[in-house]
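Just one chain follows, in the form predicted on its own, and it is written as structure tokens.
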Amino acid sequence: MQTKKKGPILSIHNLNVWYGDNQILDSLSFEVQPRQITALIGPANCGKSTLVRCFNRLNDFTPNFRFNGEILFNGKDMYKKKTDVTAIRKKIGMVFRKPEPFRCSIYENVAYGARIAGINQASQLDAVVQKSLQRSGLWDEVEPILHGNPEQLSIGQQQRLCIARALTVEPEILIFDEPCGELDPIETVKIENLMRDLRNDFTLIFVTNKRRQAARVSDSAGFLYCGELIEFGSTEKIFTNPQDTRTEQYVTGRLG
């Protein structure tokens, strides 16, 4: 469980991102507060996924990626030379649109992170696996088949398994990049309820192009359009009293 922190957990200052000569993000500045769900909304190809991949340094693997500006994680520049990138990725976990369980048992999928962290004693691993599966709302569903293949799970259960796997290393931030994109309405509700529960212990950043979902789930929201952050603020304000005409058009379905 995280210690309650004062001030923003992430601060983004004048962030610009390019892939080669193509500028993806243009002069973004905003702050992410701890123990909240921050939604990033906007139409497809507006830069949402590129932005969140900056937060855990996944863009480092993208050819021709370059940027300028500043991203502070707990007040420290995460792109400063000699930064421990592995530590960053441990502290900032990510759940993707399509769940990708490892090719091992349900148990080993969750235990993986604990083993990387140096936990190898069987009783400790059992405790970590159970806790993470309980947090993801999956324990009661998989306890009888814990050593079975995750392919027997529904796609929604596989997504919650990936969330449990991310939780084993006790991240400070969890990024959800379109986590319900492959799910049916029933499984989507389970993920939304889970995010609300996880907010008690973690900071969540949630990428979606589903306007109503962002309105239901998030505390704060930022609207991206053509690589620009058009507006950022409380979700209530973004959806009921936006300050920019483009935001108003987007949240009412007339743009994008």
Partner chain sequence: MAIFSMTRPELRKKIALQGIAFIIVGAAFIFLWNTLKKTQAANIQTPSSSRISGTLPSLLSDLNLILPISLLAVLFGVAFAFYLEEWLPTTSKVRSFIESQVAFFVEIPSLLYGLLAITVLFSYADVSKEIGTPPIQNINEAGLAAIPLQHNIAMFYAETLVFIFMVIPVAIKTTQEALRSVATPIRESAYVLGANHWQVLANRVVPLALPRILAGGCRAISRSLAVAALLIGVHIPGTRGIPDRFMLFLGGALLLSTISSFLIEIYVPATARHG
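Because the structure is a prediction, the values reported are computed rather than measured. Numbering follows the first chain given and starts at 1.
The same protein also has a form predicted together with its partner chain, omitted here; what follows describes it.
The candidate spot formed by R103, Y112 and A166 lies fully in contact with its partner chain in the predicted bound form, as each residue has a heavy atom within 4.5 Å of it.
Heavy atoms within 4.5 Å of its partner chain in the predicted bound form map, among the stretches 49-57, 217-225, 202-210, 185-193, onto 49-57 alone.
Think of it this way: in the predicted bound form, its partner chain has a heavy atom of just one of Q134, Q152, T86, Q121 within 4.5 Å, and the residue is T86. The contact with its partner chain in the predicted bound form, taken as any heavy atom within 4.5 Å, belongs to F96 out of W139, F96, Y107, Y79. Within 4.5 Å of any heavy atom of its partner chain in the predicted bound form lies no heavy atom of C180. Its partner chain is not drawn, but in the predicted bound form it has a heavy atom within 4.5 Å of I92. At a distance threshold of 4.5 angstroms between non-hydrogen atoms, I116 is in contact with its partner chain in the predicted bound form. Along 226-244, a non-hydrogen atom within 4.5 Å of its partner chain in the predicted bound form is carried by no residue at all.
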